[in-house]
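The chain below stands alone and is given as structure tokens, in the form predicted alone.
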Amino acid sequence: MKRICALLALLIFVLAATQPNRTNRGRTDLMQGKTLYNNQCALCHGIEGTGGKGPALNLPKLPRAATPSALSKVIAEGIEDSEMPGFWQLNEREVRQVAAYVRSLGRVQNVKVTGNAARGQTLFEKQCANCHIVSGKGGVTGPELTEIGISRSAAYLRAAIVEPAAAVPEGFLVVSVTTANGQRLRGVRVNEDPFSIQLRDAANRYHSFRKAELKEIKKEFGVSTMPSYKDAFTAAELDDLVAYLAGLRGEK
């Protein structure tokens, strides 16, 4: 009996001694994960995961990474056919640390969006639908916005409306070309390889050129074909439009 009591006492002592170490390791991993996140991820996903060019991560459940292993895989390998690269430079432990920190962001309260989404939808249909598709309806000269509320923060959306050149989405690089006979054409790059380039002009017409036959190709980085709507909306209307866009998450 005395031997059993002694063994139980020893077990309790060992558990008590190791628990703080595990807690300290967990805290250290979160701190290191935060540092790695701020250095590698915050530029796109925002400090504390509030979102920016990349989607917000301060959610209880991430749409594309619902489990810890899935999140680690996304961090390490990226997402094919998206703007999310794989972070091959991180070792396995660093990936786990970043994943742990990202999961902890789900406890952060999301920023509430002011404005009336219903009024914002009316504004969108009048001012924006000619260029942007939502749920299969609209124009194609601008990016599709059906799920924009998942991939972009409200702050990013507001900036894109009032100063489009500061938030040019990937895949919408403006290019100007001059042909051998002096004809000039400007549009959004659709595709490019070492020998040719394809553009879509403002009238939604497609043009293909062999580079060897062009006098000049000018890529206009930081330029958007979308005009600024800074003076087109009142402050209240801008709030309404942002509220509508932030609520676009693909649900039917």
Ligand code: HEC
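None of these values were measured; they are calculated from a predicted model. Just so we're on the same page, rigid core means the largest C-alpha set that superposes within 1.5 Å between forms. We number the residues from 1 along the sequence you see.
The form predicted in complex with heme C is left out here; the points below concern that form.
None of Lys219, Arg186, Arg64, His207 but one reaches within 4.5 angstroms of heme C in the predicted complex through a heavy atom, and that residue is Arg64. When heme C is considered in the predicted complex, only one residue from Val134, Val113, Val74, Val177 comes within 4.5 Å through any heavy atom, namely Val74. When contacts are judged by a 4.5 Å heavy atom cut-off, Gly49 does not count as touching heme C in the predicted complex. At a distance threshold of 4.5 angstroms between non-hydrogen atoms, Ser104 is out of contact with heme C in the predicted complex. Mapping the unseen interface onto this chain, Asn58 falls outside it, with no heavy atom inside 4.5 Å of heme C in the predicted complex.
Within this chain, Cys44 lines the site of heme C in the predicted complex, having a heavy atom no more than 4.5 Å away.
Contacts between stretch 125 to 152 and heme C, counted in the predicted complex as any heavy atom lying within 4.5 Å, involve Gln127, Cys128, Asn130, Cys131, His132, Thr141, Gly142, Pro143, Leu145, Ile148, Arg152, listed in sequence order. Once both forms are fitted on their rigid core, the CA atom of Ile75 lies 2 Å or more apart between this form and the one not shown. Comparing the forms between this form and the one not shown, the C-alpha position of Ala100 differs by 2 angstroms or more, with the core used for superposition. Once the rigid core is used as the reference frame, the Cα position of Asn39 differs between this form and the one not shown by 2 Å or more. Relative to this form, the distance between the C-alpha atoms of Phe221 and Ala42 is reduced by at least 3 angstroms in the predicted complex.
Note: Ala42-Lys219 Cα separation is 3 Å or more shorter in the predicted complex than here.
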